[in-house]
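In the block that follows, a single chain appears as structure tokens, in the form predicted alone.
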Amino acid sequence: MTIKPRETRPLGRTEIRITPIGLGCWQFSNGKGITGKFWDNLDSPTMTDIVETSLVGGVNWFDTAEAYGWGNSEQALSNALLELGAEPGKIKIATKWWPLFRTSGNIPKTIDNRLKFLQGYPIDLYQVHQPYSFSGVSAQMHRMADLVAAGHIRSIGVSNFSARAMEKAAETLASRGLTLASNQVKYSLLDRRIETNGILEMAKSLGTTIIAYSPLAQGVLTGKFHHNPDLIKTRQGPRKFLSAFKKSGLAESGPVVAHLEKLAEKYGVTPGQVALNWVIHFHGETIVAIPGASKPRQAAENAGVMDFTLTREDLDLLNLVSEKYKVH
């Protein structure tokens, strides 16, 4: 397997380096867990093909989570990596602890399960999946820091945390000689709230990486639903009921997609690739993205985003077009 060399970025202020595009592995849930029904089930050969295509394209990290099928996604990912002969340590893995209805004491109790499902692949980034638990931010960060001290994980991140919660997390970790590596949040050309609610500003202040999930707005930014609105009816999960996929929602996002299509023709790529390229370049190296893929073709397109860079002029013009869209 020949892997395409790619430039990498630091994960926060850690020594870990990641490509600006990773692979989100929510779709590897196998229909299990609280989020598994969102996607069609994928068979093992398909998941292996997706992982292999990502690796060949130069993607060097994968994001999964406990809640993605209660270990199904983690195990499917590690199964694929083992089958492909990927050497532990050569690729980076991020996973997450699920906090809902739990206390911070659950963090050390469940780390063995994370490691078991990952089958020898180390956890480079361990994230608190949501800001909701029976314990405060400080207690959670201290337990995560204990895992670093024990050698179970390499760095600590959060997901869906506010600017204030990020600051509190960073302060607690600093007392343990650690930094907050990342905050994983929803971000795309159709959802730019982190630019105005303090999260992006706090990330830059702390040197924390923003990991953008849903960077294609669950497929809206590919343009395929604009050209075939009935396509959403064939998709698994609740997306078909969201306002963004209704006729009025597609009409509102239409100008953004039209501009993406114009730039796609200019660069010889797809509209989705342009949208992802904007995400990983508009704010310098602060933001990386984890698009998912349910087909090897999509994984190849994701990796291909790293083959080009939009000009500053095109980045800025797309910014202006996007700013007119209002998130619902």
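When you see a residue number, it is the position in the sequence shown, counting from 1. These figures come from a predicted structure and were not determined experimentally.
What comes next is about the form predicted in complex with a small molecule, which is not displayed.
Although the partner is absent here, His283 is not a contact residue: none of its heavy atoms lies within 4.5 angstroms of the small molecule in the model of the complex. Under a 4.5 angstroms non-hydrogen atom cutoff, the small molecule in the model of the complex lacks Lys92 among its neighbouring residues. Taking the partner from the other structure, the small molecule in the model of the complex has a heavy atom within 4.5 Å of a heavy atom of His129.
Among heavy atoms of Ser253, none comes within 4.5 Å of the small molecule in the model of the complex. Partner contacts here mean any heavy atom within 4.5 Å of the small molecule in the model of the complex, and among 159-167, 143-151, 174-182, 110-118 they occur only in 159-167.
Only one of Ile123, Leu216, Ala76, Ile194 comes within 4.5 Å of the small molecule in the model of the complex through a heavy atom, and that residue is Leu216.
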